[in-house]
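A lone chain, given as structure tokens: the form predicted on its own.
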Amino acid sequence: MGEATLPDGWVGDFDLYDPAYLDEPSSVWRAMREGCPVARSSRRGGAVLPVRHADIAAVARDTATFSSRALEATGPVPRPGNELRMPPITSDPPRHAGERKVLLPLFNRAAVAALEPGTREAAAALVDQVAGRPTVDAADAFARHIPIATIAAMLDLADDDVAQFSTWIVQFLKEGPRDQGARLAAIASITGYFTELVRGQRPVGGGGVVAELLRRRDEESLTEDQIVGMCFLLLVAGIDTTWSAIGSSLWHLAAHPDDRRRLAAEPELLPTAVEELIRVYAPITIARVANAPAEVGGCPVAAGERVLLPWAAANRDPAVFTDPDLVVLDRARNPHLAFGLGIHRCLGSGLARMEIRVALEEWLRRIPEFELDPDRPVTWTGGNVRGPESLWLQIPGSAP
């Protein structure tokens, strides 16, 4: 746990890519709570940043004042009508409810359970590939591939297309926040791909989400843009966030050997441990746009201004959680906001939980002992999603 300090000039002009914030945002959040709990910035398109649970929750629930039309944490705030549309997450009431209802059955318990065997098979195969190495970048060789395999199965797309997903996600969410050219290129590629699927210009498997949306197209009065946007959402929201959560969990276990050994010895604790790990290392910072002049935590917000919601900051608030910066693997009460709250609470939370749990189960089953490589420090992504960009681990006993 780092000292509660703020980078120079933070409150008046923060930078989400400040090295101190990328490496350990929790110390920045603590310092803000003790001093000024809402910061403002003109950088990277401008934004307001609250860190208290109450303020973040209030904005998330107030869909009349704060629109979900533009979710990006950085870059210019688009004019109304020019946003990247990914329904239902970018839709406001009253349109939101109907679009969410369309997707809900695709994420129920039965649907998630049907995907678990394939996820486990993919995770086990990946562990087999890395188990014999003395060092491995677990973010690149393991974490990133599990949600790609799961989402590809969910969408039931051609195997030849799967490798492209990772490239697009890196372009959109990892390079895009600092490079608008890369972001726009990724949007064009992803949108073009799903448009071809919807128009029948690419083969579509009969058992996946795309086929189901096409079957329900007339029944639900879905437009081509809505179906393409929903598929875009599943690809973007379902991959990078989950691989970041898996990577952060492995980073924690590598840095905290007592927790790692306990989980390896008590695998039945994993469901509770997963909740705690995603509480502490919730990867997402999402944006809202003020529809009218408003106030957040006593800070005035202008119409059209962006407000950031860092869910992990809310999850570290001592007003809600005892010892909020400590990972307590068997924490009994855990009302975290890792998946958001209100009408936009994450549809895929059950799927993400399953993927993280299965990934850790398979890793710990084969590799119960591992540690951080001291010669290659972890690097972190920033912007909308924080997670290990590289995570070099040493595996004792592996063949050189």
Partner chain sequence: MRLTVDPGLCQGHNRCTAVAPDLFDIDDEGYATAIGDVPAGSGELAQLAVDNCPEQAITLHRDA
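Model, not experiment: these values are computed from the prediction. Numbering follows the first chain given and starts at 1.
Form predicted in complex with the partner chain: not shown, discussed below.
N108, Q164, N82, Q201: which sits within 4.5 Å of the partner chain in the model of the complex by any heavy atom?
Filtering the options by heavy-atom distance leaves N108.
Indicate whether the candidate residues T191, E196 and L234 are all in contact with the partner chain in the model of the complex, with contact defined as any heavy atom within 4.5 Å.
Negative, none of the three is within 4.5 Å.
Decide whether R365 counts as a contact residue for the partner chain in the model of the complex under a heavy atom distance cut-off of 4.5 Å.
No, R365 sits far enough from the partner chain in the model of the complex that none of its heavy atoms falls within 4.5 Å.
Just checking whether G342 would be counted as a contact of the partner chain in the model of the complex - the rule being heavy atoms within 4.5 angstroms.
Yes.
Taking heavy atoms only, is G35 within 4.5 angstroms of the partner chain in the model of the complex?
So G35 does not count as contacting the partner chain.
Check whether R353 has any heavy atom within 4.5 Å of a heavy atom of the partner chain in the model of the complex, and answer yes or no.
Contact with the partner chain, yes.
Per-stretch contact check against the partner chain in the model of the complex, the hit in 327-335, 36-44, 66-74, 355-363 (non-hydrogen atom, 4.5 angstroms)
The contacting stretch here is 327-335.
Any residue of 53-91 that, in the model of the complex, places a heavy atom within 4.5 Å of the partner chain
Counting only heavy atoms within 4.5 Å of the partner chain in the model of the complex, the single contacting residue of 53-91 is R61.
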